[in-house]
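Given next, in structure tokens, is a single chain: the form predicted alone.
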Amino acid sequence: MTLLEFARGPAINAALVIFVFGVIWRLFWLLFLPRAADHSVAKLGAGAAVSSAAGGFVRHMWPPREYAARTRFSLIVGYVLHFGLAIIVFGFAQHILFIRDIFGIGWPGLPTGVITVVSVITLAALIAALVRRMTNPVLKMISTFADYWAWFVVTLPVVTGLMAVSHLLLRYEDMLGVHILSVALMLATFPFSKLMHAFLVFVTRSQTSFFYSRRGSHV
């Protein structure tokens, strides 16, 4: 069995199983944790649960005006790398074929040149985020191994994907195998790392928004 065959077979299949069941397990225990009943009376003018949660989620997609200047760098870098990763995953033709093999659905892909440019920009944003974490005194103090590990397992597929497309370091088949293994590592790590925020952010922000709206605050 070659490296590519192992990566495309047992490795990625095992990672997908861990990813799916890990995400379901995390969400199940979060949503069904025992919690005290809220006996408070909703404030006058409090919105419905769904509208309050959705409205608060949208409002918190950018910082309040008072903090805009201090958070501009983090906001721009964060949006660049998140949208960049989304474009890479869902816009690259080979990735779409992989998704089609699993779910049976697909869509037209973007040109390889566009994906390459987006990948380079995304990698630059990831590096910028790491440099800021390592140089900002507060971020450096509160950062743990989990933060750097999450950065590593997200950055590795971007780097190996660029290397595979550019035919760098190894034969294309071997570099593609390394790229798929890096994706498998990210998928297997995802449910048990800070990457899980990709799912949990919808739950936590919506819950917080509803909580404040019920008490008459719309921050």
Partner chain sequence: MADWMSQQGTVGEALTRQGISRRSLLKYSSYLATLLALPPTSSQAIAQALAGAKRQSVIWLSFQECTGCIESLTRSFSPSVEEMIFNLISLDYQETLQAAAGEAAERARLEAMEANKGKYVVVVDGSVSTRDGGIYSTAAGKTNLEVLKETAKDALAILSVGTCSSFGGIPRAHPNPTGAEPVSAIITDKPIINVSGCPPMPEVIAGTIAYLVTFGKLPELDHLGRPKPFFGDNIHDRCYRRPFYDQGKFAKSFDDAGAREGWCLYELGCKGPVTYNACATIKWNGNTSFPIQSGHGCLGCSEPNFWDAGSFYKPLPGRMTGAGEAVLGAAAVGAVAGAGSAFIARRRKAAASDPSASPSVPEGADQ
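Here the structure is a predicted model, which means the values were calculated and not measured. Numbering follows the first chain given and starts at 1.
Another form exists, predicted together with its partner chain; not displayed. Remarks below refer to it.
Undergrad: Just one of 144-152, 72-80, 99-107, 119-127 has heavy atoms within 4.5 Å of its partner chain in the predicted bound form; which?
TA: Of the options, only 99-107 has residues within 4.5 Å of the partner.
Undergrad: Does any part of N136 reach within 4.5 Å of its partner chain in the predicted bound form? Heavy atoms only, please.
TA: N136: no contact with its partner chain in the predicted bound form.
Undergrad: Contact with its partner chain in the predicted bound form for I87, defined as at least one heavy atom pair within 4.5 Å: yes or no?
TA: No.
Undergrad: I'd like to check something about L33: if you look in the predicted bound form, is any of its heavy atoms closer than or equal to 4.5 Å to a heavy atom of its partner chain?
TA: Within the cut-off, so yes.
Undergrad: Consider Y172 of the chain shown here, and say whether it contacts its partner chain in the predicted bound form, taking contact as heavy atoms within 4.5 Å.
TA: Y172: yes, in contact with its partner chain in the predicted bound form.
Undergrad: Let me know which residues along 78-97 have a heavy atom within 4.5 Å of its partner chain in the predicted bound form, or say none if there are none.
TA: Contacts from 78-97: A93, Q94, L97.
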